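Two versions of one and the same chain are coming, encoded as structure tokens; call them structure 1 and structure 2.
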Structure 1
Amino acid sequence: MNALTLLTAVGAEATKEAVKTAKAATSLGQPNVTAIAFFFLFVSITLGITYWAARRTRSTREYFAAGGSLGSVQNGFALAGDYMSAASFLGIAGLVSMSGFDGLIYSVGWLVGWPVITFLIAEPLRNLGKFTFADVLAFRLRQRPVRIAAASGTLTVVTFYLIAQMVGAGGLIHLMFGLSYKVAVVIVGGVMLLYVLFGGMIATTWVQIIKAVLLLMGATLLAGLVLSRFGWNPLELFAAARDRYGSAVLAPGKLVASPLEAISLGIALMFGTAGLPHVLMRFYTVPDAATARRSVALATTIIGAFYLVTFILGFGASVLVGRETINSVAAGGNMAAPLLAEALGGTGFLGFISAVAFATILAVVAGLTLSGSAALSHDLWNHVVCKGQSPEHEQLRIAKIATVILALLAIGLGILFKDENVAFMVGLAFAIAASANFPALLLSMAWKKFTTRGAVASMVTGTVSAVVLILLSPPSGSTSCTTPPPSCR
């Protein structure tokens, strides 16, 4: 019956479009054989890896930190895979396709936190901690207060980020595969639960590596197909966009309404990245600080290259697919990249890109859940409740219970917050990470006179002030979205 309503919807869409332009025919939203085939291939390979990883996951160190045995290339790709969400892929390509230059503002903002992590955070974090960033604070401050505060910050960030990813996932999968919203959310939550519950960090890492490689390959191939039509010169592509939409497409538009607003968002994006618990946790999967440093440098390069490619995709879609068509399929332009893939590579390529977008969401959600599980089991259960005396097998059991709870929570909240603005949630998550986690982490590593009370006060102030100010903020119903994707609806 879902397929039926969907077909009707697509039919109506197609009829509407056919009136406007002849190019509007798309198989997007219909069950796509290639997409489903690629998706099953991805899920079966990753579940195979999970089975293999489960046999190597017996201790908490293996569960939370993959035994600290990853190399810098592995962790570099996994970091990139953890970070390059569907929001950045579909959302930025969509924003660029609809408004040109403005999308670049977000790409830049999402990248510049990475050098900050490299210079200030990665190495000391690796050397001082075990599984969570709270370990760093607890190294010289009083365990229980700082762990409670840090775990609360972590769980707040994880919850908002999870809701954003789940709501985005439901919407995207609904559009791409024609599954109903609820079914899509349950599938994402369920598959993610299998990875994290049985395979822990080892499985999560490999899902992220595979996803990062697929996403880079798919996006680069697509950008190559675009550029091949413009003599391999991005300038010719920009010129074509300017000819079609005017020179405003190359200039700042409506997105930056006030300078203060832009700088404020910039601060949240730059320092928020350095306070994201699932990103910070990845530095414990490598054997030493030198490997952590090399892995974050590789991740910075991968993510930077990816954002340049995404910019090309956005312009390519606006020229080769057209804004009217993109906007008719999904308001806000989130389907720009898949539509471009269909226009240039046919239904098969569309299927591949759709499956990659799905895989992207799975990898990010798995990383988030694992970091929430570590905060609950390692910080709260072991160090706060049991004062560090909890036996290994019990910590592992608590971690798995926490994982199940978080997965159910993600599914439930994803369904409950169906109509919540994803941009709003992502903005909130970054603002909390930047103000609750980053200052306390940096001060504890760099300032001798930092105290337990100072750390707790800083984390509580950061969390509360960010949440309160966002609740008081103007409703984002105006022309622009705070953050683009995955749904600026």
Structure 2
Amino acid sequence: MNALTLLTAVGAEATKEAVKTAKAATSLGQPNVTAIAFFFLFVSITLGITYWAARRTRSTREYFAAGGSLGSVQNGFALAGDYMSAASFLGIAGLVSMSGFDGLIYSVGWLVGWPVITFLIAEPLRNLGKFTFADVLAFRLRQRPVRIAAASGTLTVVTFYLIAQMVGAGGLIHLMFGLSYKVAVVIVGGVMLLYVLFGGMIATTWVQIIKAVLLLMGATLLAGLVLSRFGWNPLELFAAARDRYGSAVLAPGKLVASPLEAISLGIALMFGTAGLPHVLMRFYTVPDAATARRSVALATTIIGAFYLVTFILGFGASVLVGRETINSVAAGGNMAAPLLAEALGGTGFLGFISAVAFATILAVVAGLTLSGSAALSHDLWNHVVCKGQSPEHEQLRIAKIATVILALLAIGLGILFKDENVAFMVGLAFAIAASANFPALLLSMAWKKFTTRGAVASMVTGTVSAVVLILLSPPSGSTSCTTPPPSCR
């Protein structure tokens, strides 16, 4: 027996033992020195970037679109950083760990939306718009009704998306610092407010780039540690999950039981991607349509690689940590990835992964807040209230006031929705984006006979119907197994 075979056999034996005696104790919830150090390091660096960006941000174009000066590599990484959210890292890993194969529907649905953006959205959006996707809708339609409807859809999507990010961020800071959940949410909201209020899109872009690199490195390293326990063979990992939880863990139908619901969810995730206001806003940060197309191609590659990794993390957490432990730490499975990091690398590695996850959330929250403030100041204030006559300094002032309002809203909602699974909450935001924003945006660019009345009707109907159905649906803690964990574990 050679050394490699011996190590593999020993690792397999150790894994079997770990599976039998899933670790019930965790240091999560106690102050983690490593996590706190990485947290302050990240915040210090990004606040330095914010100070630098604030000195370069003087106009609305610089505040909302970084002056349109970003290259394809910069914007590609920033797009990936904007998109790889708490739902991607914490939520999908949690869903897969608690429900098995079905959790993959979220990662696949979110990924296949990017070809739609590449071939249908990116170039025309860059050519026709200025700061928001409402610019495209209003290009040949009546300004006032279209912008009101578009801003309403944008703010609804941003609100639901912010809930998910703040829940994930609050949980992380709570566990890293040992602070109360409410205080943790306030801290996250305050730091995010500094980035957006003073640095605008320039600061937000660099925060997203740093976060994308850190997240891809951290998640890949964690997945590598998982596979090393199973002889670098994913099939062995899946077999261990089957042995522990039964063959149903590798089959669809546990999280989404109805084929119609699966199709509906897939469509919402795919087309919702192409209707997310904070993603669409990034296409105005590049100088031309060709650069926008190249940045989407790079972002798709990064995001695709990352989603493959999260699937390994989810199954690894279910086998090496255990569903009971995961659910006992945080309802909804949101802490599966940090718990896995602790099981494999101790409290030091847990601290690093937790800090990376925090960086992930903070970057996305900053992008969401910026898109919401653009809708309020550029679409509603400038074009609806002031009929396009508002001076730049006034638009900037209104944008910063809107940023403060959105930050306070995010903090309040983050506290209110404490125990929701973050992937599930983001799924609701995607449903609204797919129902309201995407159809109007696509038809305005592709159909010459599209009218103002049709645009407003599509956005209002999509937004209202999606929100009403969400409010009337069973909560995620119900007994129906068409909803996410913890109910369907």
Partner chain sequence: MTTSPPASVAQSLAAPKPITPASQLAMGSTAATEIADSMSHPELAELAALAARRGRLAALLTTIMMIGYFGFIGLVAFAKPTAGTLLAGGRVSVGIVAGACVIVLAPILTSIYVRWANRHYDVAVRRLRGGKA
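Every value quoted in this text rests on a predicted model; they were computed, and no experiment measured them. All residue numbers here refer to structure 1's sequence, counted from 1. So that the term is clear: the rigid core is the largest set of C-alpha atoms that superpose within 1.5 Å between two forms.
The chain appears twice here, and it is structure 2 that represents the form predicted on its own. Once both forms are fitted on their rigid core, the CA atom of residue 135 lies less than 2 Å apart between structure 1 and structure 2. Taking the rigid core as fixed, one finds a CA shift for residue 288 smaller than 2 Å between structure 1 and structure 2. For residue 271, a C-alpha deviation below 2 angstroms is recorded between structure 1 and structure 2 after rigid-core alignment. For residue 96, the displacement of the CA atom between structure 1 and structure 2, after superposition on the rigid core, amounts to 3.1 Å.
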